[in-house]
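Shown here is one chain on its own, the form predicted on its own, set out as structure tokens.
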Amino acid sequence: MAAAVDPERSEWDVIVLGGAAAGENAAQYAAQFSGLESVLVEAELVGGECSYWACMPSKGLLRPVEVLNTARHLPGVTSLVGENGIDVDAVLDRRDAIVNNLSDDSQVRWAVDTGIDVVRGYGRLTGERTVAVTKPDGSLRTITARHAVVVDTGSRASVPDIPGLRAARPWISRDVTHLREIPRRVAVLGGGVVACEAATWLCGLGVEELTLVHRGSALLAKQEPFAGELVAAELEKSGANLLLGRSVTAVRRDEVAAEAGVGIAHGGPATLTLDDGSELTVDEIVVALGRVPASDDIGLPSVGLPNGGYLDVDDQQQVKGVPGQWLYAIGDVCGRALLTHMGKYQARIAGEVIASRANGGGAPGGFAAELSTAQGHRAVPQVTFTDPEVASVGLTEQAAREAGIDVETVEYDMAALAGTYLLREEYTGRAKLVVDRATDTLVGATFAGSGVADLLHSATVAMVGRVPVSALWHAVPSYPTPSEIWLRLLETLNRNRRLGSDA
């Protein structure tokens, strides 16, 4: 579906380079109350990585696995489920429906109906407020912005230079979220969020032999230690073989399918050589070893910036080192928090900043009276949709201590709650709060267990609002629900304080 935009038009108030979810927000917030005109420049699908290749399809694959696992631990349902596995074809069909079969018609329609133009093509900066767009037919189109250019080009999967790995055409995150058939043997390289989530749904969808190779000593190393331990235990229970503290030194794939598309086997069996000299043969390799910013081909040298790398921004999301208050960056490409919801938050602030500056610095009103992302970045929430889920916000205990904060901590077993027992039998989970002694406010919270994602926003609100622990005591949780964990954590913290001890 082509956007309704004049092909000869060359000027807008705001150009957004990249039409992912954050870019859509930036274009909307810059224009909606200001009278400014904005345009999205996108070479792929409007809506971006999260909508089509990451967040949405992955959660579509994970939810059935979680529901089935819960059913197997819930008397009255367990007997109905029996030993039945996932209906793989139905799950993949629903995944395709979730991503609209990789059609962005509805997203483009939303943009046009909102008053945002869409220009198809690959955009590169060529100077101040100027973007050259390589159109799908290969021709060039130059457009300019009266006020601002916002960079939202995102990130891409990192494939390290391990001998033979790139030549073997391993799967990356796009492949594993769009798999078309289930490989019998899979090696997952990595131990972070993407690796753990992918391992969860691959095991749930029927991979017979899944081996996760991670050079670190624990999964989810940026979380509290118990989170990775619980996820590791459940993966092993699902049949995964975890090789922690190990790395791949070489890969050999004799038969490589050079033209195989996304989510299709990229060749014949592949053999991985590990650091102890042993070998592992699999049918597909999934590389989940982080991401790199997509900034090496967007014309940064034309505005005095080095090619590639994350774009350094201030709390208004303005790119540092570029004079004139016209260049902004949001989402993964600025490296502040590689999470869709944080990119969209940055976009909302950036859009309001642009609108305010274009109108002479007047306050935009509404919720964004303070045009800064500093407050929101103090409490970055994240959910890892493994089974069990891991929901966290702010700092871990270790990170807080490394930042010089005098902290006290409290933990509690979530399996001891009536609300979690009602969710499923044999519930496994844990929760932890990290409290700044000087201010008596939260600086971190982590919940691990089935269904804990819904606990996270309350912790985020408490942190952003700097709510004292003494005030949280009066926020009474409903019974019997998992939110009772707040009461138990605060009771334990109160007891520890009275006894003069830390958890």
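Please read all numbers here as calculations on a predicted model, not as lab measurements. The first residue of the sequence shown is number 1, and the count goes up from there.
The following text describes the form predicted together with another copy of the chain, which does not appear among the structures shown.
### Query
Is residue 356 close enough to another copy of the chain in the predicted bound form to count, meaning some heavy atom within 4.5 Å?
Answer no; every heavy atom of residue 356 is more than 4.5 Å from another copy of the chain in the predicted bound form.
### Query
Does another copy of the chain come within 4.5 Å of any heavy atom of residue 233 in the predicted bound form?
Residue 233: no contact with another copy of the chain in the predicted bound form.
### Message
Using a 4.5 angstroms cut-off on non-hydrogen atoms, would residue 75 count as touching another copy of the chain in the predicted bound form?
### Response
Answer yes; at least one heavy atom of residue 75 falls within 4.5 Å of another copy of the chain in the predicted bound form.
### Query
Wondering, does residue 43 line up within 4.5 Å of another copy of the chain in the predicted bound form on heavy atoms?
Because no heavy atom of residue 43 falls inside 4.5 Å of another copy of the chain in the predicted bound form, the answer is no.
### Task
Could you work out which of 299, 121, 381, 267 is the residue within 4.5 angstroms of another copy of the chain in the predicted bound form, going by heavy atoms?
Checked against the cut-off, the match is 381.
### Message
So another copy of the chain isn't shown here. In the predicted bound form, which residue out of 403, 90, 140, 258 has a non-hydrogen atom within 4.5 Å of it?
### Response
Comparing distances to another copy of the chain in the predicted bound form, the residue within 4.5 Å is 90.
### Task
Name the stretch: of 180 to 188, 225 to 233, 93 to 101, 156 to 164, exactly one has residues whose heavy atoms fall within 4.5 Å of another copy of the chain in the predicted bound form.
Of the stretches listed, the one contacting the partner is 93 to 101.
### Task
Can you tell me which bits of 55 to 86 touch another copy of the chain in the predicted bound form, meaning any heavy atom within 4.5 Å?
Residues within 4.5 Å: 55, 56, 59, 60, 63, 64, 67, 68, 70, 71, 74, 75, 76, 77, 79, 80, 81, 84, 85, 86.
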